[in-house]
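Below you'll find only one chain, the form predicted alone, shown as structure tokens.
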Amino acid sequence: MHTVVLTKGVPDFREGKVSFDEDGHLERGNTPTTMNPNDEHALRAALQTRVRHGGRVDVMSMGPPGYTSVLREAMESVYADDLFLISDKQFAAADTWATAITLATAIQHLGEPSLIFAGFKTADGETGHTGPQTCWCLDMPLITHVVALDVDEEAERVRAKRLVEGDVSEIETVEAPLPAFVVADPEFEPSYRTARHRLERKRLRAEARERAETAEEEVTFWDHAELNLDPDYVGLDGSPTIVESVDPIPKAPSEREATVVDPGDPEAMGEVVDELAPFAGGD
């Protein structure tokens, strides 16, 4: 079983991490990059597939060279075999369509994986388009909002439970032939039913932690020339999206008021406890 997981690096929007210029625009160069949170669910789905059915897992991302840290994080999560970073100035400012064309070409470069996993939209763009559009380019069956997954290797089919219209109150079971493209929902819950599965996961985890120490040295870089992609169809030139306006991201609080409390002052400490009690659910 050969699976591929798509990941993306996104700005770390945690308070105190985000940097803005004087016009309120995000300064990506001064804002740390982290893995898109929704991609973790895709990684869990891929790991479950590997533990149950064996084979290999490749993780792929598209972005600047600094995204190797994201791939390293993904390697530790899914115990990946190989890491691929699609990186080239020609890919800069790509919209979801140009990104999908690039990713689909890179996936085809790997051969024909049995399953491709993607997360449910990204924390920065939030369109949820890239996964389905990549699937369309690959001409594969697409299953979205997947919360549980099983593979019948003999029948070469994948069975999945998915949320209907993203509603947690309504779930349907669907099947598709392999190869297929799966978009994992945030409600996805991996299942390791047997002791053999749990032991295999433990073995893979130990192996991955050792390999992750040198993960950034093992990343394979591909540019447009290696993928035989015409620059006119990727990056900004290949993006049909026209952005009319952008709402500025609210600035993180630049300063807070601090109160110094003497831990030896019982009255002052009592006031601190009273302030914290509502958040702890106490009296």
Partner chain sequence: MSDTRNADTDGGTDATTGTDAERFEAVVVGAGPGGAAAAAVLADNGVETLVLERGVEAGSKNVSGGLIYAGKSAAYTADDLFPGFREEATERPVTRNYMDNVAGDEVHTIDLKRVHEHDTAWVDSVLRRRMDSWLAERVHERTAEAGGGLLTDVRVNGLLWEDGEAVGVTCDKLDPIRADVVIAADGVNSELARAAGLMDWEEPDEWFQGVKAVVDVEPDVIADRFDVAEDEGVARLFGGDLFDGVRGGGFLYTNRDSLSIGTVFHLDSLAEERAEPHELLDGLLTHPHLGQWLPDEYSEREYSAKLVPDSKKVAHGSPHRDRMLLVGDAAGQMQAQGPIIKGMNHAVNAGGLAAEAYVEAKSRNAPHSAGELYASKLREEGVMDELRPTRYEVTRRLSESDAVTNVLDSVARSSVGRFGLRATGGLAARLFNSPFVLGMIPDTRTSYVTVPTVLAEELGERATGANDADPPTLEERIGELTYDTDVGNPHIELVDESFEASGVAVTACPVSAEGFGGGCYREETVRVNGGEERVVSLDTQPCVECGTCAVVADTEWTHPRGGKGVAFDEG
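In this text, all values refer to a predicted model and were calculated from it rather than measured experimentally. Residue numbers count along the first chain shown, from 1.
Another form, the form predicted in complex with its partner chain, is not on view; read the next lines as being about it.
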| property | result |
| --- | --- |
| Residue stretch of 142 to 150, 107 to 115, 68 to 76, 86 to 94 approaching its partner chain in the predicted bound form, non-hydrogen atom distance within 4.5 Å | 142 to 150 |
| is_contact(His224, its partner chain) in the predicted bound form, heavy atom dist at most 4.5 Å | no |
| Trp136 within 4.5 Å of its partner chain in the predicted bound form, heavy atoms | no |
| Partner proximity in the predicted bound form: Val164 to its partner chain, non-hydrogen atom cutoff 4.5 Å | no |
| Touches its partner chain in the predicted bound form: Glu189 (any heavy atom, 4.5 Å) | yes |
